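The chain below stands alone and is given in structure tokens; this is the form predicted on its own.
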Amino acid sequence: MSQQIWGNPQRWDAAEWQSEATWADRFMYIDPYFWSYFGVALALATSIIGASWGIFVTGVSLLGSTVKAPRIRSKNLISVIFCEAVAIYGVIMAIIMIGKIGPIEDIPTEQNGINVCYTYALYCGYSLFWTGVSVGLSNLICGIAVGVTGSGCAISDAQTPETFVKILVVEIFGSALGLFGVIVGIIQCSGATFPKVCPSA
């Protein structure tokens, strides 16, 4: 579909875009597929950043604590696993979101139908974008929380073994934060599937 009618109902040329278009117009007519794939990238990349941050914080403390107490090496690896689960949450959501993106094969020829089609595509794009923001930020904070808690767990376990289970419970609740983000993200993008045939006006 040409730029003259898809995402440019005013039929502005390049010069008119510079002089006439407001910031609202510029954001309105960014391609919906850009917003969709940007959301996928945010969900995946931010989750991986959170997981790597948590693994870094936990791993440093774990390796340092094993110098004094080698017995904690195996059981404290569960903190690293919890951090890795944060990245898996991001991968799962990215797969779900990509499955909702597809080409619109049957676009109407009249301008009113094109506007309806573009508006619906924009709704899908925005939904997937904000899903990515929600999931990404949730998993970023979750990774930090689990990493810091896991770090404290390794240090305290090296000193007082009885504290391991108690801190592990706190770590499990911290890990649940990322799961909450995934659940909300699935609900957010549930109706954001790009249609093969545009809805009628």
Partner chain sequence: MDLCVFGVDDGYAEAIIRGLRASFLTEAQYQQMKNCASIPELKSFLEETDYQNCLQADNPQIPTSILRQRLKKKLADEFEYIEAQSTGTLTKYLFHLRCRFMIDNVVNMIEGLKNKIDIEILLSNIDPLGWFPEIKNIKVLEGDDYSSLYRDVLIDTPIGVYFMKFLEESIENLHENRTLNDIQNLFREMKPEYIRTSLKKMWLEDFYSFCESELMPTSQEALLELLKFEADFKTVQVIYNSIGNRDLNTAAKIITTRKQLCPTIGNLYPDCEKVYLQAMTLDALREAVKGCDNYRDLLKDAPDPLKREEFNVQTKTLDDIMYDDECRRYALSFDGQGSYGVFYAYLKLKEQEIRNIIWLAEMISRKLAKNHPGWKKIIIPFSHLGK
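The structure displayed is predicted, hence computed values, not measured ones. Positions refer to the first chain, counted from 1.
What comes next is about the form predicted in complex with its partner chain, which is not displayed.
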Report task. Indicate whether the candidate residues Leu63, Ile144 and Ile155 are all in contact with its partner chain in the predicted complex, with contact defined as any heavy atom within 4.5 Å. Result -> yes
Report summary line: None of Leu137, Val148, Val170, Ala45 but one has a heavy atom within 4.5 Å of its partner chain in the predicted complex; the exception is Val148
Report task. Quick one: from Phe38, Tyr29, Trp53, Phe164, grab the residue that has a heavy atom within 4.5 Å of its partner chain in the predicted complex. Result -> Trp53
Query raised in the report: Out of 170 to 178, 53 to 61, 29 to 37, 128 to 136, where are the residues with a heavy atom within 4.5 Å of its partner chain in the predicted complex?
Result: 53 to 61
